[in-house]
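Before any questions on how it binds or moves, here is one chain, the form predicted alone, in structure tokens.
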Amino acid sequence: MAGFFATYGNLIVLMVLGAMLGLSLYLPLMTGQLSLASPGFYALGGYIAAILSTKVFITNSSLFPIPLLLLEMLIAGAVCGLLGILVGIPALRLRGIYLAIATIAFVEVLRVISLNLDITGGAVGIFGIPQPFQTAIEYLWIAVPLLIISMFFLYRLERIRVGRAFAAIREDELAADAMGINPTYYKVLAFTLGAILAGIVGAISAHFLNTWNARQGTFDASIIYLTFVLIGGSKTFLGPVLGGMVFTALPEMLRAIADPEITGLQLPTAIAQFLQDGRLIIFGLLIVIGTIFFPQGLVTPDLFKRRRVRNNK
């Protein structure tokens, strides 16, 4: 077991972080808003943690103090939440593909800004971000409780008045408005909650990866996070969690298939290279296939209802 965690510790932590990034995209989708801004807030949260830990919270300890990491997560979440409100109020007046384009533009603006600032390290980025743990698997002491808290929060959110308002807006915004629900308020709230979660995950990831640069928040990342939600399921919070874990592990699985030392198969060079480097193409194909055969994703609310009915019989 120790050997398993030593070998796959990095991947396990990335799977948990991927699940939370899927939830950050799922939150705006709860109100029917196709927002692809999560990579921007994720990158911003990482930059905040990287700058604070290398330029402000300088310690002589061999390990970065956990309380300072928690403070960085709090600051990153607060800054991303404030920016989410400022961006969300004008952007969420748009709908559908226009909102998606606007949020992609927001991600690109943040990326270009980070490439041209000295404090962010420009195109090179920030290196030598101090580590709070000695091994990768120890990051689960932070990541897993945060994932559990996020899942419990969304579980409760879907069952209270705010969650019902989100669902009403997603199903029919005009009808929800006619019933006295303020669509702008709830859409901005969902957008802001997603921004806060993405920023917090970025703060953890910056320390975990030990380096941070503009490649962390790109259009490619938007497509990957969208895959988490669409294939996992966009009608319940369990869908993005499953999608985030599976599709974070997928590139490593493809590399393992292409490695003859692991599988014993000698694949043609072109196929092996495609499996290793064609991640975005494969994700795009999965989105197309998934939306055709599983329009609501692999995990749907009806799935659990059918199981309960079958068990009662």
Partner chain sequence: MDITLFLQQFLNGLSIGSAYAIFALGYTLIFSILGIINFAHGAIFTLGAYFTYALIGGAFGFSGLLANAALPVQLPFALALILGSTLAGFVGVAVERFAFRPLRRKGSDSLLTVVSSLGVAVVIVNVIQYLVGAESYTFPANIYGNLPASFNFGTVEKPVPIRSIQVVIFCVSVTILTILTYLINRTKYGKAMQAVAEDSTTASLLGINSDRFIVWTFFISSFIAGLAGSLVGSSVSIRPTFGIEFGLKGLAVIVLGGLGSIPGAVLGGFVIGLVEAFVPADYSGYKDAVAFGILFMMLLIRPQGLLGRRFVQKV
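Treat the numbers as computed from the prediction; the structure is a model and nothing was measured. Numbering follows the first chain given and starts at 1.
Just so it is clear, the following notes concern the form predicted in complex with the partner chain, a form of the same protein that is not shown.
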Worksheet item: Taking the partner chain in the predicted bound form as the reference, which of 85, 119, 97, 149 has a non-hydrogen atom within 4.5 Å?
Response: 97
Worksheet item: Pick from 74, 179, 109, 160: which residue has any heavy atom within 4.5 angstroms of the partner chain in the predicted bound form?
Response: 109
Discussion item. For the three residues 34, 104 and 230, which mark the spot I'm curious about, does each lie within 4.5 Å of the partner chain in the predicted bound form through at least one heavy atom?
Written reply: yes
Discussion item. Check residue 93 for me: does it contact the partner chain in the predicted bound form (non-hydrogen atoms, 4.5 angstroms)?
Written reply: yes
Worksheet item: Counting only non-hydrogen atoms and a 4.5 angstroms cut-off, does residue 284 reach the partner chain in the predicted bound form?
Response: yes
Practice prompt. Consider residue 273 of the chain shown here, and say whether it contacts the partner chain in the predicted bound form, taking contact as heavy atoms within 4.5 Å.
Written response: yes
Worksheet item: Would residue 226 show up as a contact with the partner chain in the predicted bound form if we use heavy atoms at 4.5 Å?
Response: yes
Worksheet entry | Contact segment among 152-160, 193-201, 111-119, 179-187, judged by heavy atoms lying within 4.5 Å of the partner chain in the predicted bound form | 111-119
